[in-house]
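The chain below stands alone and is given as structure tokens, in the form predicted alone.
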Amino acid sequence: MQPLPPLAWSAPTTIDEVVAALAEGVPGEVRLHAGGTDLVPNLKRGVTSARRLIGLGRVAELQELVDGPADALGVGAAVTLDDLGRDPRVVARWPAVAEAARQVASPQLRRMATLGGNLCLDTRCRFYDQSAFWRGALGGCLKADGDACHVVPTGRKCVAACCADTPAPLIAAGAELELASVRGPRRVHVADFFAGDGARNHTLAPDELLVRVWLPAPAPGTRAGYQRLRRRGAIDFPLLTVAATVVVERDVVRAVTVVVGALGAVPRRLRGLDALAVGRPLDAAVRAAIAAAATRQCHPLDNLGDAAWRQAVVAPLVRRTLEALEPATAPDAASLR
């Protein structure tokens, strides 16, 4: 069993204490610990490093689901994926988000892993997610200890992929993130949280804390779905994810959003779908047109292996997602008591 390196540990009890500790820390040496399901193995393998961990388990506010204005729901960053996937409000109104949470890893890991940790999950690449000894034999890479990319040899940006499950359905739902630091709070759309560099693919500053995810109330007639592709039926990170949100009125599409993930550092929102679907029923022809658009716009790399295979299954997975859309409805009041 691989041991953890020596680490200092603190366990604040309030958000103010957390952001103060982040502000005092040296960037790159301080890491936040919630469930630790990805962080701890990476520390053991030398994939990432830290000198100090700030535990979030005693900050009650980060573990709450709170009702917001205009029927929005605020999900604390330390809410576990298991709780998120089971909450009746999320299941009823944001079924794709609930399904994504239920698809992550295994039951044991979902009871530890958190929504904030999934959003901030480190990017993955078959040349990076190895032991330090293995990576050293290749001379490192753009993400760690080197100056060359083994996926795109002429590239100057890391192409490690965002393999988290929740970002795609959260983007499709129009969710926002509430962040905090000693400089004050700020909010950002989930789509704007990610950056196009696998070495650091999000815009969270070193002194910032992800406090809460805000899910806006779905529009009447909303249907949503989520599908993922992985090598094995459990535990494995996804090789491809698809989230879709479609607003239907009188059997006619009024709005459509499809987000494809696990291809690159940023989940990809498909372009030009309004011209293909709005004003038409969501029939087989429209689903096929959207799937074809996904194939044209999505180009997997060898960052996770099997690039040609993943390219071939983009269209079928998009079609499957659109065929299995679930209605987003107001939760039954009795189920919330």
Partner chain sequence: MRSSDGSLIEVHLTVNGDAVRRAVPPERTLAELLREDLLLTGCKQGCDQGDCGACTVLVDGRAQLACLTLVVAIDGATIETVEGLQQRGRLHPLQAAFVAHGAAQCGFCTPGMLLSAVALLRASPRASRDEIRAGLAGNLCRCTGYVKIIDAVEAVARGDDEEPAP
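Quantities reported herein were computed from a predicted structural model and do not represent experimental measurements. Numbering follows the first chain given and starts at 1.
A second form of this protein, the form predicted in complex with its partner chain, is not displayed here; the remarks below concern that form.
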Based on heavy atom distances of 4.5 Å or less, which listed stretch (229-237, 177-185, 160-168, 262-270) is in contact with its partner chain in the predicted bound form?
229-237
Could you confirm whether S10 comes within 4.5 Å of its partner chain in the predicted bound form, counting heavy atoms only?
yes
With the cut-off set at 4.5 Å between non-hydrogen atoms, does A293 touch its partner chain in the predicted bound form?
no
Using 4.5 Å between non-hydrogen atoms, is D16 touching its partner chain in the predicted bound form?
no
Even though the partner isn't displayed, in the predicted bound form is T80 close enough to its partner chain, meaning a heavy atom within 4.5 Å?
yes
Answer key, its partner chain contact in the predicted bound form at 4.5 Å (heavy atoms) among H189, R200, R111, R156: the residue is R111
Using a 4.5 Å cut-off on heavy atoms, which residues of 157-195 contact its partner chain in the predicted bound form?
none
